[in-house]
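Next up: just one chain, as structure tokens, the form predicted on its own.
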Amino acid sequence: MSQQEMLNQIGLGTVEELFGDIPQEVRLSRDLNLPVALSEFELLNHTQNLSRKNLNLNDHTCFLGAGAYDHFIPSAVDALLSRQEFYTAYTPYQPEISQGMLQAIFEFQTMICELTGMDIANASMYDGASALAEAMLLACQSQKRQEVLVARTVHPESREVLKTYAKFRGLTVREVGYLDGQLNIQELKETVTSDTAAIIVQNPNFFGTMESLGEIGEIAHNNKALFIVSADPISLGILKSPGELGADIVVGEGQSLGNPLNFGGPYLGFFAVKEKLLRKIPGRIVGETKDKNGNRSFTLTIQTREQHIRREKATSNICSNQALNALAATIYLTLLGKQGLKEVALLSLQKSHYAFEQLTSHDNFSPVFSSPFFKEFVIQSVVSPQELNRKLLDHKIIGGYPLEQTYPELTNGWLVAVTEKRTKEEIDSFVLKAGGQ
């Protein structure tokens, strides 16, 4: 169909008429300043040259975590993700969509429940931060209260997302400080009130240290508040599940489960609850059933979002789950199994403690907290971490996170992450280059 034929179909004579509602003063009165078109070969070279300006983990050793982690990803994950029936499939809308995709989501939900010790998990959320914010909304709706307490040891960016959600819902977010890298229990006891809908913590927390989940959960329940835990899924290979320790809602960032760093995304959030909260969970849930022939089959069951039900009845306006990212997590967990995940967690634990001991043996570094940690820890440097990181880049090492930018009281605080990928040689080289300064 020609351009004129298309214009005739909509009752217009010229393209100019099509843009008649746009004021002349804001229209571009010249051609776009675009370069001459490139051939496929030239374009490929151009994009490759641009990509080389980015640091990548093929050429650099990474000790930066702070919420996104460099874990090993088996090659089978990408191979299976690249199959066209998965790679081209968008988030499911209809309950009768592909049984293969539905089963993959069902298996994801099952694994998240096993990891977290919870009864129900949804099909995934956008990321860990939005999952945490949705957990806050669920708690306030469930408890019919308008205030939540969040540990200051929760990821700073997640806390910002909480405050953004709260602002437009008329909710109050109050932060509780820390002591020796952990939530200050005494301050929590003094802060929680009958208006508190939920207590929110992260474990391991942003500093990498372990929170006293059992004690915190007891404080929450004694005040008829829900207990929300944001968990690192890798740590759950060796730690007691939050469900065992009294959590009502468990969320987290699933990037470390088979998803590369990708310069910041896309990632996926997981969201799991006790059965009593089933009808309030955001997003969607895939359930198991039988077809008319009695065969095992799957279907979308709970869909509490505004596109499917009356808006005033919706629990969330999040309309998509991260189906492809959740599939990567499912394949990753399937390949590793319980023992493999445990080994990844143990290696991360052991190697991070080795790095901590080696770094703090230098006069240039000192420990900041004495609380137990998992794969991330805080040390203080005699020079600014920013300067230290710049020098490390000269040796193709990506250093830790400078804490002073989000925790001003931690002068020259350096948050270092060590995963199972780091070899002894890489850690020793990192310590040597950092220690020399």
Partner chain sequence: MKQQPLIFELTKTERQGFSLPTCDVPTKSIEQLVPEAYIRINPPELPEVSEPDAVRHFTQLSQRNYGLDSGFYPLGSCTMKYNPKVNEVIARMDGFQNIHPYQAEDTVQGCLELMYGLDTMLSEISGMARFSLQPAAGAHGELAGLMIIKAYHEQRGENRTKIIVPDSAHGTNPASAAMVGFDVIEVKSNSRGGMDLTSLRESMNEDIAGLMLTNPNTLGLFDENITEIAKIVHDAGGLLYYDGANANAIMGITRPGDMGFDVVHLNLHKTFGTPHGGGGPGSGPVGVREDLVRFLPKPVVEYEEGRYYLDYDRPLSVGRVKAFYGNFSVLVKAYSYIRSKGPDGLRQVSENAVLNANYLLNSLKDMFVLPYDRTCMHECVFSGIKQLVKGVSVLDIAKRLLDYGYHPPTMYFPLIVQEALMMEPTETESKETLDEFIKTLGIIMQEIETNPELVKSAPHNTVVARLDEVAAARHPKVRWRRSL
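The shown structure was predicted, so the numbers you read here are calculated from the model rather than taken from an experiment. The term rigid core refers to the most C-alpha atoms you can superpose between the two forms while keeping them within 1.5 Å. Residue numbers count along the first chain shown, from 1.
From this point on, the text means the form predicted in complex with the partner chain, which you will not see here.
In the predicted complex, no residue of the candidate spot (192, 196 and 403) has a heavy atom lying within 4.5 Å of the partner chain. Only one of 221-229, 360-368, 146-154, 208-216 lies within 4.5 Å of the partner chain in the predicted complex by heavy atoms, and it is 208-216. Though the partner is left out of this view, residue 7 does reach within 4.5 Å of the partner chain in the predicted complex, counting heavy atoms only.
Of the heavy atoms in residue 327, some are within 4.5 Å of the partner chain in the predicted complex. In the predicted complex, no heavy atom of residue 183 sits within 4.5 Å of the partner chain. Residue contact with the partner chain in the predicted complex: residue 165 places a heavy atom within 4.5 Å of it. Contact annotation for 262-299: residues with any non-hydrogen atom within 4.5 angstroms of the partner chain in the predicted complex are 262, 263, 264, 265, 266, 267, 278, 279, 284, 285, 286, 287, 288, 289, 290, 291, 292, 293, 295, 296, 297, 298, 299, listed in sequence order. Relative to the superposed rigid core, the position of the CA of residue 43 differs between this form and the one not shown by 2 Å or more.
After superposing the rigid core, the Cα of residue 31 is displaced by 2 Å or more between this form and the one not shown. Superposed on the core, the two forms barely differ at residue 423: its CA moves less than 2 Å between this form and the one not shown.
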